[in-house]
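First comes one chain, alone, set out as structure tokens in the form predicted on its own.
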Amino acid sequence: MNLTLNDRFVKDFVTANEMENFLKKAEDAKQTVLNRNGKGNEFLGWLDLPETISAESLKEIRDTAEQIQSLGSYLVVVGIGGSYLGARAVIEGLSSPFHLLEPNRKGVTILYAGHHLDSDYHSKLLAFLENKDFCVNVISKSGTTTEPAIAFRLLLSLLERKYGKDGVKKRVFSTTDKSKGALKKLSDESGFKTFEIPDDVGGRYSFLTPVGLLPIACSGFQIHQLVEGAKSISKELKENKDPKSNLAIRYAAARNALYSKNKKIEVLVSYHPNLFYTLEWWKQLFGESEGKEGKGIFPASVQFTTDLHSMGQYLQDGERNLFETVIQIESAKSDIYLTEKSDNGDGLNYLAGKTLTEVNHQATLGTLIAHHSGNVPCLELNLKSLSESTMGELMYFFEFSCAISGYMLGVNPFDQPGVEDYKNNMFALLGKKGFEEKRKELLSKLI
């Protein structure tokens, strides 16, 4: 296993007896997950995905990815929330920060649409694609979620104009419900290649379904290694019955113990820019899973050392209602040695002989010590390296931990009833049929 958890900067905030109690609660919650007898148990299909994905399914996804790669340099992934964040977390996590500028890169360039409603963004996207060969992967169980549905309508019109209705058939790939919904109906009528979103897997837990695997494969990454990484940690988390060594139990127990101490905000920290979208995916996973019934740890994120020069002051000296979880990558794919300069004008000769990775690690440690001294508890997640396998481990670990933590809070970790409130208001204000009374009610509040 390539992932470890260190709680040395938490022990001053939670007594040994208190932690024992929360470890027991976390173990009980884990059994609720495995026994499938908790709230929302009909959405536990993600739990066994690493073991149940067939070689035939992976081959079909890889073959489709090769087909997409042969049709042009761009794939537009249309989706919102879990329908794109899991794939984007892996793709950005494994790509060069400058991959869009690199010639002859492997895979296609992934562009994203449908994750917001900004007119300028979509106008510029359509203008950019006007003279490019591209395909679309539209991801939605229903096909009627407003943001992706609008984006897909715009892109489909462009595809039809560029390639004709027959040409569109081989350039649109749907990931949707297996039997129902507007997108499934359109895909069947139009002859689009379709992949299935399992009924028992929610969007934020779907990175190991075609929702995530198809875009990742199109980017040129090895999806079988991603699955193998998730499979290795899945076995460990499920079978390890020792609460003191099971990483998911320890993480869920620590964060809930801190929550009981009025630490209401968890700040996920990365010192690696490649993990920006991993942090974004994590925020949705925990925020949408736990934030209900007036409960839940608020998930926030920062990129260090960058944000130490903007958020660092607040984290060190602000309201003491937060804790940090720091992700550290132990080794870099390539490293830089710092050398001595004769004039030492920048005063950095004391770093001569050290690698940039070592400097980054010491910056991490120095910050951990400082924040701990400032009464901020800190958990440390250490990942050996960034690869398909380790990304699979990290993301499955978070999913499993989130399910445990949600049950510890007493909520359903797999629904999102609060999200419907804004949607219904938006439908009413836009004049959607069936929302006439709601529209009157809302407009009366604005007077």
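Just so it is clear, the structure is predicted and the values come from calculations on it, not from any experiment. Don't overthink the numbering: it's just position in the shown sequence, from 1.
Keep in mind that the form predicted together with a small molecule is missing from the display, and what follows is about it.
>> Residue-level contact is defined here as any heavy atom of the residue lying within 4.5 Å of the small molecule in the model of the complex; does Gly107 satisfy this criterion?
In response: Judged by the heavy-atom cut-off of 4.5 Å, Gly107 is well away from the small molecule in the model of the complex.
>> Just checking whether Glu288 would be counted as a contact of the small molecule in the model of the complex - the rule being heavy atoms within 4.5 angstroms.
In response: Answer yes; at least one heavy atom of Glu288 falls within 4.5 Å of the small molecule in the model of the complex.
> Is Pro377 close enough to the small molecule in the model of the complex to count, meaning some heavy atom within 4.5 Å?
Replying inline: Close contact is absent here: in the model of the complex, Pro377 is far from the small molecule, nothing within 4.5 Å, heavy atoms only.
> Applying a 4.5 Å heavy atom distance criterion, does Gly81 contact the small molecule in the model of the complex?
Replying inline: The answer is yes: Gly81 has a heavy atom within 4.5 Å of the small molecule.
> Looking at Gln328, Thr357, Gln284, Asn274, which has any heavy atom no more than 4.5 Å from the small molecule in the model of the complex?
Replying inline: Selected residue: Gln284.
> Within 4.5 Å of the small molecule in the model of the complex, heavy atoms considered, which of Ser232, Asn349, Ser142, Ser190?
Replying inline: By the 4.5 Å criterion, the partner-contacting residue is Ser142.
> Heavy atoms within 4.5 Å of the small molecule in the model of the complex: which stretch among 297-305, 202-210, 116-124, 359-367?
Replying inline: It is 202-210 that comes within 4.5 Å of the partner.
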